[in-house]
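Consider the single chain below, provided in C-alpha cells and representing the form predicted alone.
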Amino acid sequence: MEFFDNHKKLFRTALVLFVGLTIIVAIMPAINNQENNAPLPGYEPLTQEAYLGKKSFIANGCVACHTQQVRNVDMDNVWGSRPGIPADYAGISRIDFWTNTATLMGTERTGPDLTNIGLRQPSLAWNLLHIYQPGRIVATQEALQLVAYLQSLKQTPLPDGKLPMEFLYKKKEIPVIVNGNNANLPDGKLLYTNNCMSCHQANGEGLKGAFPSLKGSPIVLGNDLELFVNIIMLGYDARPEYAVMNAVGLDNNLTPEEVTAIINHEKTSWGNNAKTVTPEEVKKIMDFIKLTSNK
C-alpha cells in the first residue's frame, strides 16, 4: 500500500497514464487520419491575403455564428453542391504551433454556412456590404483580407467520374391548400426555414436594425405580388435601415412552386392573414425576371 501513501509516485504514475492515453487516444489517431487523407486534385491553398483574412475571421469570432461544414442531410443542400468529406479539410494547417484553429467547422449556424460562399457570393461588393452594413463602405486592408478569405471558401469539385455522397433525409413535399384547390405545393414552412429563417427568424420578426420583420409587413400583406416575387428572387437593398438582402431565389434555384409556398407561408403565419397566391401567378412574374436577367 506504500504506492497509495506516496503522493509523488501516485502523481507521477497518473501523469504517465494521462500522457500515454493522450498519445494513444488522440494524437496517434489524428496523425493516422492526416496521413490517410489528402486534398482533392483541384484544391487551391490559401493565398497570403486570404490567410491574413482567416486570422481576422478568427479574431472577430465569426465562427461563433457561421459553420463551414455541409452535412449529408438534405436541409444542407442549399449550402453546397455535395456533402463535405474529409479531403475538404486535409489541406488545412494550423495557424501556428500553439493555435489549433485550423478547420473552423463551427458548432452554431446562427448565420448561413460559409463552406461554399466563395462560389455562392463571389462579389467583392456583396461581401463588403455584409461586413460593413449598415453604413458607408470604406474598406480597410483587414476587411479586404477577410473578404479574400471568404471568397476562397469553395467546395473543390470531385475528380471526374466520382459520384458525390447523396444528402440524407430528403424533405417530403407536403400538399397545401391554395385558394381552395389542392395545388400540391412543397412545404412552405420548411422552405422558409432553409432559405429565410436565418435572417427573418422563426417568429418572422427579423432583427432590429438588420433584417425587417415579416409579421405585419405591408409587402407581405399587400397585393403587389410582382414586388414580393422580385424581392425573393433578386434580393433587396433597404439601406440604411437594414442589411442588403441577397438574391435568395436565384442563388438557390427556387422553382415557382417553392416561391409560392414561401409566399403563402409568410402570408398566413405569425398572425398574418392575407390572400394566398397560385403558382401560375408567380411563374408568370418569374419568367419575366429570368427573361430580363438573361439580356
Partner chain sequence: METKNIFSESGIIITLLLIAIPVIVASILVIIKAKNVLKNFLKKKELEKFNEYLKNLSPEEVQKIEQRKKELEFSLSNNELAGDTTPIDAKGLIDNVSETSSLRFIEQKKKSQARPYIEPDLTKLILWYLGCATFWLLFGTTVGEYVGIKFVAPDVDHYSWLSFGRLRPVHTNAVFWGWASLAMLGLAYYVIPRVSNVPIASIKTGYRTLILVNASVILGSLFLMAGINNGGGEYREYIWPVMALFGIGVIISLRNFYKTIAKRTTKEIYVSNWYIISAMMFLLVIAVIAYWPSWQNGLGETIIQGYYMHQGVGMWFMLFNLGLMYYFLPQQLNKPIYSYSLGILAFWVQILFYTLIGTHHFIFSAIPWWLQTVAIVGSAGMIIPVVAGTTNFLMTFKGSWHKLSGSYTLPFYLIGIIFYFTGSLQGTAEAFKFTNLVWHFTDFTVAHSHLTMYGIICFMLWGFIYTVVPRLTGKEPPQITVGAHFWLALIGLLFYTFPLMYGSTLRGLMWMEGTKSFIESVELMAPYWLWRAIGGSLMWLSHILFAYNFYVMVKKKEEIEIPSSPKDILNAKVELDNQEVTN
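Positions refer to the first chain, counted from 1. This structure is a prediction, so every number in the text was calculated from the model and none was measured.
As for the form predicted together with the partner chain, it is not shown, yet the points below apply to it.
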Quiz prompt | Region of this chain that lies against the partner chain in the predicted complex, out of 265 to 273, 57 to 65, 244 to 252, 38 to 46 [heavy atom, 4.5 Å] | solution = 57 to 65
Exercise. Check, residue by residue, if Leu144, Gln201 and Val277 all come within 4.5 Å of the partner chain in the predicted complex, counting heavy atoms only.
Key: no
Quiz prompt | Selected contact from Pro186, Gly206, Pro112, Gly118, since only one has a non-hydrogen atom within 4.5 angstroms of the partner chain in the predicted complex | solution = Pro112
Exercise. Let me know the one among Leu128, Met105, Cys196, Leu221 whose heavy atoms come within 4.5 Å of the partner chain in the predicted complex, would you?
Key: Met105
Self-check item: Interface membership of Phe211, the partner chain in the predicted complex, 4.5 Å heavy atom rule
Solution: no
Practice problem: Answer with yes or no whether Asn230 is in contact with the partner chain in the predicted complex, where contact means some heavy atom within 4.5 Å. | Solution: no
Exercise. Answer with yes or no whether Asn72 is in contact with the partner chain in the predicted complex, where contact means some heavy atom within 4.5 Å.
Key: yes
Quiz item: Heavy atoms within 4.5 Å of the partner chain in the predicted complex: does Thr99 have any?
Solution: yes
Quiz item: So which bits of 4 to 38 sit within 4.5 Å of the partner chain in the predicted complex, heavy atoms only?
Solution: Phe4, Asp5, Asn6, His7, Lys8, Leu10, Phe11, Thr13, Ala14, Leu15, Leu17, Phe18, Val19, Leu21, Thr22, Ile24, Val25, Ala26, Ile27, Pro29, Ala30, Ile31, Asn33, Gln34
Quiz item: Given that the CA-CA distance for Gln201 and Glu108 shifts by 3 Å or more in the predicted complex, does it become closer or farther?
Solution: farther
Quiz prompt | Cα-Cα shift for Gln201 and Gly61, closer or farther in the predicted complex, minimum 3 Å | solution = farther
